[in-house]
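Single chain ahead, by itself, as structure tokens, in the form predicted on its own.
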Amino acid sequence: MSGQFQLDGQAVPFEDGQTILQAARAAGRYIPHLCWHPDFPPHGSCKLCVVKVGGRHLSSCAAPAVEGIEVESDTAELRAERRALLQMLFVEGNHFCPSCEKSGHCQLQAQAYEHEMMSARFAYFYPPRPVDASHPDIVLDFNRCIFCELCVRASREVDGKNVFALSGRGIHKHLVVNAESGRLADTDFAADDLAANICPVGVILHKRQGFRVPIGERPYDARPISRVELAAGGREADE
């Protein structure tokens, strides 16, 4: 079964079972996102993919495409809401883009540029988060975690290792390593695990590879994330 819906006044075809986000991407239409990944079921945690359908706000990564619906995405109202969400993500962690090894590869940073976010606007939390360099091949910088759970899902569903989990609630939520010591070195985590290569920000970093691609030549340095992703056929730029 197939059909079509309207996205910002333009027809978008869809196949049965597709979400609004999936159908839009297949049609070459970009809806911003952070926690969504094509290899996993929708998660709906970041809310950046918010759209408006019939006056209701929905997460387009989880909302099914339905014949004849009218979807709003590229509006001043929704751009402002997404910008506010990004501002909150920046203040909830410790994000210092100029000194970050992930700069130019970071989807959070790229979305901030995409939405013309010039400042965080809210008061910074400055949460005390550690750096774990115990593993021979990987550094974990928990300061940058945005709780997308991509590493949690990848480790559990693909790698079969359950290395990561989220602990705590609200402002006390944080990423943890499933080892009694809390150290990554005391797990069976490997540099070629999917979980080691899926982080959209700068939490999971490979040792001895820092700044291998010079700043200015990274995917989001020259082009906005919307153009990079659509040019890559909907896959993430780092894959």
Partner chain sequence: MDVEASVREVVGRQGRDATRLLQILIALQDRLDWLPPAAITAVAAELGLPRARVEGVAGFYSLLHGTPAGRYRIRFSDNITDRMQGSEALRKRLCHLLWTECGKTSEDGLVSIGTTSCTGMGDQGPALLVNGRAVTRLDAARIERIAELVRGGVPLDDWPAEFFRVEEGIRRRGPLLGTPFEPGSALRAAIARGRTGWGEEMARSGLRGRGGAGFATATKWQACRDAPGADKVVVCNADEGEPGTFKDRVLLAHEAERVFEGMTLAAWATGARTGFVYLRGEYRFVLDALQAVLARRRAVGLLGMGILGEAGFDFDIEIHLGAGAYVCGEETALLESLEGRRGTPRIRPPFPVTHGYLGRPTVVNNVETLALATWIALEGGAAFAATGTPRSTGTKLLSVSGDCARPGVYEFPFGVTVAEVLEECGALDTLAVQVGGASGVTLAGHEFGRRIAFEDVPSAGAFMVFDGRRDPFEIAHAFVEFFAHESCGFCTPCRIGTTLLKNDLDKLARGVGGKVDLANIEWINRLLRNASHCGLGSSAPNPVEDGLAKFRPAWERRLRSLEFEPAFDLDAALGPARRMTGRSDPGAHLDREESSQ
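What you see is a predicted model; the values in this text were computed from it and never measured. Positions refer to the first chain, counted from 1.
The form predicted in complex with the partner chain is left out here; the points below concern that form.
Enquirer: Within a 4.5 Å heavy atom cut-off, is residue 167 in contact with the partner chain in the predicted complex?
Expert: Because a heavy atom of residue 167 falls inside 4.5 Å of the partner chain in the predicted complex, the answer is yes.
Enquirer: Might residue 179 be said to contact the partner chain in the predicted complex, defining contact as any heavy atom within 4.5 Å?
Expert: Residue 179 belongs to the contact set for the partner chain.
Enquirer: Taking any heavy atom pair closer than or equal to 4.5 Å as contact, tell me whether residue 62 reaches the partner chain in the predicted complex.
Expert: Residue 62: contacts the partner chain in the predicted complex.
Enquirer: Does at least one non-hydrogen atom of residue 117 fall within 4.5 angstroms of the partner chain in the predicted complex?
Expert: Because no heavy atom of residue 117 falls inside 4.5 Å of the partner chain in the predicted complex, the answer is no.
Enquirer: Please identify the residue among 94, 134, 162, 103 with any heavy atom within 4.5 Å of the partner chain in the predicted complex.
Expert: That would be 162.
Enquirer: I need the one stretch from 45 to 53, 24 to 32, 208 to 216, 191 to 199 whose residues put non-hydrogen atoms within 4.5 angstroms of the partner chain in the predicted complex.
Expert: Going through the listed ranges, the match is 45 to 53.
Enquirer: Using a 4.5 Å cut-off on any heavy atom, which residues of 111 to 141 would contact the partner chain in the predicted complex?
Expert: If the 4.5 Å heavy-atom criterion is applied to the partner chain in the predicted complex, 111 to 141 yields 121, 122, 123, 125.
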